[in-house]
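Considered here are two forms of the same protein chain, supplied as structure tokens in two stand-alone entries, structure 1 and structure 2.
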Structure 1
Amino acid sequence: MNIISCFKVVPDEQDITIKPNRDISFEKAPMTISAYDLNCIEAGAQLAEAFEGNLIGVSIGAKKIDDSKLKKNVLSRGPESILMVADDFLEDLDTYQTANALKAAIQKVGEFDLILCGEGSADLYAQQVGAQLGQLLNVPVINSVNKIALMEGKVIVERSLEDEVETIEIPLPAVISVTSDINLPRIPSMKQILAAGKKSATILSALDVGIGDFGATLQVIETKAPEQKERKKDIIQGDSDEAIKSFITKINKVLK
């Protein structure tokens, strides 16, 4: 049983800053595992542990994703090994390019039974890579999965959709995008962190996996912090009966 958990390396959202011209700055943001992919890695780890499978973490991106601490972080969460395609030419990809690059990386892994993706990436959250990857690999693909039961040659998954919960049977190999409800990602213990340093990570270049020139399918025109809408900011201090009364007078006009 070969399981692949795909993960994206993103700038830590908490440390993204906004410049006065509303540009976004990543200067202070360290690279980290995309939050939704922690659920994807955990789902893979639980399946691999239950079925004595082999879990591989796969990621693609710029050279800086090949970071020793980040790799240990991933490996402390269950995968036996990591395969990364790290090349500066793989920075800021759109979802079609990402799915193509992942496909090329996964073909280096060889045989696989199950590929897991997160619900979306923490930075762009397009929720598309799983769908596109499945289509490109020409295998069954499903999203919004919050339960996986692994069986011989197939999986039975539960999907949580807007109005219904759907149970479906999918033949393997397949690509599955999991929700953030599927599990609570583990908190790596010292034992797991120490063990991570002894696991293997393979780092390849775009050339190694045969990714040639592929153009962007979406043209990014700009990325800016939203302009704040002007608000009245008529704030009353304190909750004395009088203050509440004057507050009600003000909002009554709006609520009429």
Structure 2
Amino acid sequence: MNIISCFKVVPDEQDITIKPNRDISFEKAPMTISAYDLNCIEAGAQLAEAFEGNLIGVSIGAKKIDDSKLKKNVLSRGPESILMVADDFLEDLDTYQTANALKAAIQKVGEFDLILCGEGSADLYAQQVGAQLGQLLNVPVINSVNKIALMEGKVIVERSLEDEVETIEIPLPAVISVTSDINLPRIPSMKQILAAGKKSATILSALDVGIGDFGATLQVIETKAPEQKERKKDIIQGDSDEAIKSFITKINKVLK
């Protein structure tokens, strides 16, 4: 059983700062695994452990994703190896270009039974890459999955819809996008972190996997943080009828 978990590398949101002119600064933000893809990696690790499968992590992006600390972070979470395509023109891709680049990387990996993707990325959250990747690979694809059960030659998944739980049977190979409700990502132990240093991490260029220059389809004109409004600091204390009446009056004025 060959399982691939796709993951995106993004700036750590905890270290993103806002400048006085409302520009968003990534200068102090290290690269990390997209939060939604932590669930994707964990789902792959659990399936690989349960069915004695082989889990491979795959990612594409700019050269800065080739980071030793980040690679160890991924490998300590379950994958036996990772393959990363690191090339500067793979930055700021649209979803279809991302899916094409992932397809090229996966074809370099070889045969697969199941490909897992996160429901979206922590930076764009377009929720399109998994579906487009399945289409490009010409295999069944389904999204919003919060439970997976593997059987011989097929996978049974569950999706929680607005008023019902949908159970679907899909033949393998397939591409599945999982939600953040599917599991709680593990915190790697010291043993797993040390073992990660002995695992394989393959870094390739775009030419190595046969990707040409896509050409930019997106242009970011400006990114600004929302304007911050000063708080009124109008505090009402107590739970008397008069205090409650005053609170309701002030709220109504704001809503109007």
Partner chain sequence: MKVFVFTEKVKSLLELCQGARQIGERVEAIIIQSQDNQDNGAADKVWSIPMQDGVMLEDYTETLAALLEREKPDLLLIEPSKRCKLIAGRLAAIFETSVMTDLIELTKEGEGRHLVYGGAAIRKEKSNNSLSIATVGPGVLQGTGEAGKGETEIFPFVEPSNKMKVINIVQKTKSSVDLPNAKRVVGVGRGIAKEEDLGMIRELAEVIDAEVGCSRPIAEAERWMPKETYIGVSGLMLSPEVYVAIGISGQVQHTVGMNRSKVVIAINKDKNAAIFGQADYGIVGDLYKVVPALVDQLK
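Structure 1 provides the reference sequence; residues are numbered from 1 along it. Since this is a predicted model, take the numbers as computed values, not measurements. Heads up, when I say rigid core I mean the largest set of C-alphas that superpose within 1.5 Å between the two forms.
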query	finding
Form predicted together with the partner chain - which displayed structure it is	1
Rigid core superposition, residue 191 Cα moves 2 angstroms or more between structure 1 and structure 2	no
Cα displacement of residue 227 between structure 1 and structure 2 reaching 2 Å, rigid core superposed	yes
Rigid-core-superposed Cα shift at residue 242 between structure 1 and structure 2, Å	5.6
